[in-house]
Structures are given as C-alpha cells and as structure tokens.
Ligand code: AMP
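A lone chain, given as structure tokens: the form predicted on its own.
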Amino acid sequence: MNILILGSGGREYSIGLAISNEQKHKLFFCPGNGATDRLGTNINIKDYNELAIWAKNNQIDLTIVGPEAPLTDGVVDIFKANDLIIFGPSKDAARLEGSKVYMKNILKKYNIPTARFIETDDLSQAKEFIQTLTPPIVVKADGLCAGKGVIIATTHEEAINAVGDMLSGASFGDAGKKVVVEEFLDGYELSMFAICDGKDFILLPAAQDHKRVGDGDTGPNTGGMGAYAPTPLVDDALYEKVKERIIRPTLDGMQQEGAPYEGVLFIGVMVVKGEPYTLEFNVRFGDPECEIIMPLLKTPASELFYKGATKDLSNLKIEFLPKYAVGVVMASHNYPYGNSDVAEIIVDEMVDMDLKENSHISFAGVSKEDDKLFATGGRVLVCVGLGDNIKEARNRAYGLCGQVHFAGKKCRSDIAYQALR
C-alpha cells in the first residue's frame, strides 16, 4: 500500500517505523520531521483540500492522522468527501477532545462513570460549585490547549482564580472561554487506547504515562516524559469494566448522536478502589504512549489501521508480543519552560548486540541538515527498550539513552517506577 501519515512528532515516527518494519509499503509523511525521511518521503502541504488532491493523484491507499488538530479541523471529512480511506474520527466525533464541555456532557448523558462536574462560562456559578468540593479541585479549559489546559488547584481560592483567568482569556485565550470544574479523583491513572470503526473496537495494552518533568513526579506537567506498557496495575476484570462501562456506551452513544466514532479513542482512566472513571477522552494516540505500544504489536500495524478505517475490525485477529516496552523521553534543556538552542544529535555506534536488537529511537523534535540530525527543542526523541519484564525493558531503554548525546539533553531517571517499586 501507499500510506500517508499526518504529523511530525514521535507518535507519527513510531507509527511509520512499525509499518516500515513490514517492508512492503511505501510511506509518506506530512510534514514529518528530520528523521522520518529515513522511513519514507516527507511532503509539506498545509491545505487539507490540496492534500486530498495530492493523495488521490499519488494513489494513497490509506491515510493515518497522528495529532488532534487536523482531526478537530475536519481533515477526515475532507478526505472521505474525496473517496479516500482515512483512519481517524470525523470533525463531529473529534469534539470528544476538541471540547471538554461536549465530552463531559456525553459522559453524563450516557451514564459513563466520571467525576462530578459543572460546565460554565459564569464565574459566580463556578464559585458556588467550587465551595461544595473538597480540595484539590480540577479546573479545565474547554478547548484544545496542547495538553496544558488542566489546573489542579490545592485550595478553593486557587480554583476560583484559575477559573477567572480562563474565563477572562488570560490563561488560554478562546480555549478557556468556557470551563469544566470537577471533583478530584484519588486513585491511579492509566492510558487506554481503543481502535474503533464506529461499531466495533479493539482495546490495546494499557500504558502508564509520566507527565511531570522531574523525577518522583515533581515540577510542571509536560506532554509526557516517558511511559511503559503493559502495566501490571490492570487485570482482566479491569479491562472488562473499561470495555463495558466506558468504551461500549461511548460508541453506542456517538452513533445515537449521529457522529459514529472511528479512529483511536484514548481514554484517560482513573482507577479508584478498583473502579474505572473517565478523566478525559482524546481522539488520537498519546505521545509517548504510542511509541511503546507500536512495538508490542504482533499483528501488522498497517492491517490494524486499514481495518479500522474500512469498518472491518470484526474480521481482525489481534495479537501482541509477550513483551514489555519502556520509553524514556529525551528533552531539550529548557523544556517545558521555554525554547532551547538547536543542538547536533550524536548517537554512538551500537556495539552491544542485545541493546541493538531490543531497543530503538523514535525521533520527534528534530531537523536535518547535511545528513546530520539536530535537536530543535521540546521533546526531542524517545529511547524505547523491549524486554521479557519491565525491569529488563527499562534497563535497555536507559542503556540506549546513554548512547545518545546532544547539548542540554535531559530525561527522567525513574520511568516505570510505579511498576517496579
């Protein structure tokens, strides 16, 4: 097949890497990054209508959308109007991530377990509800904020100030003109991903992400500093509860709403005393979770995405490798506080055969010049290790980190600590 992948991060690189390992497809990335041209051809077409015409002219058999922005902008609708096969939700269905208010109201309407909440654009109404809650209190901007629109306030006053800043536009501009205020759920958090075709779904191995920048979950939230999967914090009973109480009623509900859900449904799950609650939905893979789930697939990734895009998941027998994966994000010096200087990336020649066969890099914030890769800031790459257990996988991931060098590089040293303590 000719396959087009939309996006430029580590998530898109890892999807491309999984497909390129099948050694039978031709890959294109739009726009891709400095390393994706090792896997295929980078193109740069910003207008989705133009891109759809390009895809038709180049006989693209399948398009896979990585990030949320093209989905909420309606790229899937445009491609389908051009009779192209594309994996991802429609613009209407993508509102599950595009609007937290919409998402919470869907949860409420279809009796899907979630935290008690209010959605409002009125500060006095928010204040009244905040006073009924015991801190900490969660305040969320309604729109897309690149993973940064959630405040966990430790006092009533802090929560009220956060709401005020959002509603005034001071915090997140138009994305904060409506807010969700909700009770804080005390438990442990999981990332779960369902591949959906509108009616059927396949649940992938559960992962756990590490959001904060520093060891021991300290410092500000980031897009994610590392992840591991599958997590031992999930058993068969919990998988079944998530399927029956969250995913199934969501798919049924979205059909009733006239917006059947196709693509990846990312469920942020909070487990409280063994019971799963929905923290949030995203309409694409998490990053860096995607980087560790892709290498666990035994079933060809291209087949999974194609059958998801053609409403044929019921005819797919999904298989996973009996392995664990750990991914460690290497970020630039000033991440997540500000921009960092561009720095050349040097990867040592791999002499350890064990490491060579059981680890790899997924590149993200990189550019290319004269065949050299440069870190361009933010999250630069993910070092992924595979193993028969989490400890082995983690040791290989950190072994690979030791082979990668660029000025100002930083990473957490405790990824997967929850599973190993």
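It should be emphasised that the depicted structure is a prediction, and the values quoted were computed from it without experimental measurement. Don't overthink the numbering: it's just position in the shown sequence, from 1.
Another form exists, predicted in complex with this ligand; not displayed. Remarks below refer to it.
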Single option in 350, 318, 152, 81 placed near this ligand in the model of the complex, where near means a heavy atom within 4.5 Å: 152
Interface residue in the model of the complex among 304, 259, 279, 206, criterion: non-hydrogen atom within 4.5 angstroms of this ligand: 279
Residue stretch of 176 to 184, 122 to 130, 310 to 318, 244 to 252 approaching this ligand in the model of the complex, non-hydrogen atom distance within 4.5 Å: 176 to 184
Exercise: residue 202 in contact with this ligand in the model of the complex, heavy atom 4.5 Å: no
Residue 271: touches this ligand in the model of the complex, heavy atom cutoff 4.5 angstroms: no
4.5 Å heavy atom contact, residue 115 to this ligand in the model of the complex: yes
In the model of the complex, residue 341 touching this ligand (heavy atom, 4.5 Å): no
Residues in 357 to 384 close to this ligand in the model of the complex, defined by a heavy atom within 4.5 Å, in order: none
